[in-house]
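Shown next as structure tokens: one chain only, the form predicted alone.
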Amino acid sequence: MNTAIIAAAGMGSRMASDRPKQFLHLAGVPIIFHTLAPFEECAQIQEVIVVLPAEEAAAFLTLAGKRGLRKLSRVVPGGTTRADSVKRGLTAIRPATAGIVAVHDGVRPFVTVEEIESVVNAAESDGAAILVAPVTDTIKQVADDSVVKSLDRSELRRALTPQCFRYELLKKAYELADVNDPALTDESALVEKTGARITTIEGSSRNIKLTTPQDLLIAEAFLKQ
């Protein structure tokens, strides 16, 4: 059974809102439900676990019940860091039936069914796969407010989500990780430390993470297209 863990336990301080950003409305619908929609539609995903701030779980379940989310199996309270939150979601998966685990940011509402399918398929074949996008800006390595060198952007990619792994591989990575380290901002970073090869799948630049009020304006523009 392939499981999606939707990491939505952050409070979104950069959004400058009194509500967690995953519950802000986009075209009249909370962002989290836009995010869940393609996972509901994707045949490669059989169940969904949502990781939320503990105090938001009841309200979310009330709204989810009205939307008939067939694949939603668990709502799990988040931890103090992203890694801690995702580990709690991972713990909720039944090992006996676990297949591929797809971890996705709760505030990336524009991922497509096709992107999810592609990354899951690659992980089933190779063990680990992540969605990426090209870097379009010129990137500089700096130290002490000075440029050290320019990096070759043809060799660089932005990490997107979902990031997909065989259950046992991701479980091993978390057993070796310090989940209280705030620098661990994606699952690939943990799995890389095991020495596993991680396949990259090119994704769309539209698969943005909604972090600031400006991102909401971009998201509204995407929906109008």
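Residue indices: 1-based, along the sequence shown. What you see is a predicted model, and the numbers here were worked out from it, not measured in a lab.
The next section is about a form of this same protein that is not shown, the form predicted in complex with a further copy of the same chain.
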item: Stretch in contact in the model of the complex with a further copy of the same chain, which is absent here, among 51-59, 38-46, 25-33, 178-186 (heavy atoms within 4.5 Å); value: 178-186
item: In the model of the complex, R74 touching a further copy of the same chain (heavy atom, 4.5 Å); value: no
item: I130, heavy atom within 4.5 angstroms of a further copy of the same chain in the model of the complex; value: yes
item: Any non-hydrogen atom of I198 within 4.5 angstroms of a further copy of the same chain in the model of the complex; value: yes
item: Contact label in the model of the complex: E192 to a further copy of the same chain, heavy atom within 4.5 Å; value: yes
item: Heavy atom contacts to a further copy of the same chain in the model of the complex at 4.5 Å, residues of 126-164 in sequence order; value: I130, V135, D137, T138, I139, K140, Q141, V142, D144, D145, S146, V147, K149, S150, L151, R153, E155, L156, R157, R158, A159
